[in-house]
Structure formats: structure tokens, C-alpha cells
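Just the one chain here, laid out as C-alpha cells, in the form predicted on its own.
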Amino acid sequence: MQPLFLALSYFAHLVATVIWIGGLISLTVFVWPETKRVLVDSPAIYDFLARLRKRFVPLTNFSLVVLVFTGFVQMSANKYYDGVLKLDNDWSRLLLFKHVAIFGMVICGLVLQYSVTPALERASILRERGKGDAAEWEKLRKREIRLTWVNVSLGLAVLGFTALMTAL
């Protein structure tokens, strides 16, 4: 494989990782807590978070596509890669663990994107109009927070597995 093509693949992979996992961690650790602190229970908090999601989700989805493509390029160029599900060495086993963690992130993201977030947005609108069920909204909010932290943990696991693979 051409070194320039492989270098471009590494670059795109790193940028996509920063957008996906870095963005997720930044939003979870910095933006969400400060937004809650500043806006407290203001209806503006829901509008702000919905707008933030609408900007962030397309970037993360595109990053996932880039990660899959560049990951295949890098995997096929690696001297430790022996083939699909050939777990003959530590690198291959770590790659499997990394892929399981990524799969978990994708599942969390899909549940958030297509189930929890739309339900939470509907519940927030109803709550703003005084017609919503506060208990249902709180249940959805807790589910969103729990899934987001699982996603962050899986993202950190992906980075950890990557670091171990690189060290071999």
C-alpha cells in the first residue's frame, strides 16, 4: 500500500475519532453540566440541547462512515492482521474487543438518536406547554444520561484498546 494513502487514512481516522469520541466526551463532561448549571430548569435548555444534537449527530454519523472505511484500510495494511476472526495474536484479540466496543457505541447511538431523543423532545415540548407528564420526562432524561455515559465509557474503551494495539 502506498505510504501517502495510508498516511491520509490515518489522518482521516484520527480526525473522525476526535469528532466522534472527543465530541461525545466534551459534550458530556463540559457542555451538559454547565448548561444545566446556567439554564437550570429554563425551557431554553431543551431548545439549546435539541439544536446542539441536530448539529452534532450528522457529524458523528459521517465520522462513523469515515472510521469504518479508514479502519478497513489500516487493518488490511497491518502486519498483525491475518484475516477475519483469526485471533492468533494479541493484536487480533484486541481488535475484536475494540470492534465489540464500537458496536456497543453504535447501538447506544442508534437508541439515543431514534428512540430516546425524539421521545424526550416530544416530552419536553409537552412539558413546556404544561401538558406533559413530568415523571415520563424524567425517566427519559435519566435514560438519555445513562446511555450517554455508557457511550462515553465504550469510547474510552475503544481508545484504550487502540493504545494497547499500537503498543504491540
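Residue numbers run from 1 along the displayed sequence. Nothing here was measured: the structure is a model prediction, and the numbers come from that model.
This next part talks about the form predicted together with a small molecule, which is not shown.
- Of the listed positions (59, 126, 68, 44), a single one reaches within 4.5 angstroms of the small molecule by any non-hydrogen atom in the predicted bound form, namely 68.
- Listed residues 112, 27, 102, 120 were compared with the small molecule in the predicted bound form; 102 is the one with a heavy atom within 4.5 Å.
- The closest heavy atom approach of residue 96 to the small molecule in the predicted bound form falls outside 4.5 Å.
- Although the partner is absent here, residue 152 sits far enough away that none of its heavy atoms falls within 4.5 Å of the small molecule in the predicted bound form.
- The shortest heavy atom separation between residue 12 and the small molecule in the predicted bound form exceeds 4.5 Å.
- Using a 4.5 angstroms limit between non-hydrogen atoms, residue 75 touches the small molecule in the predicted bound form.
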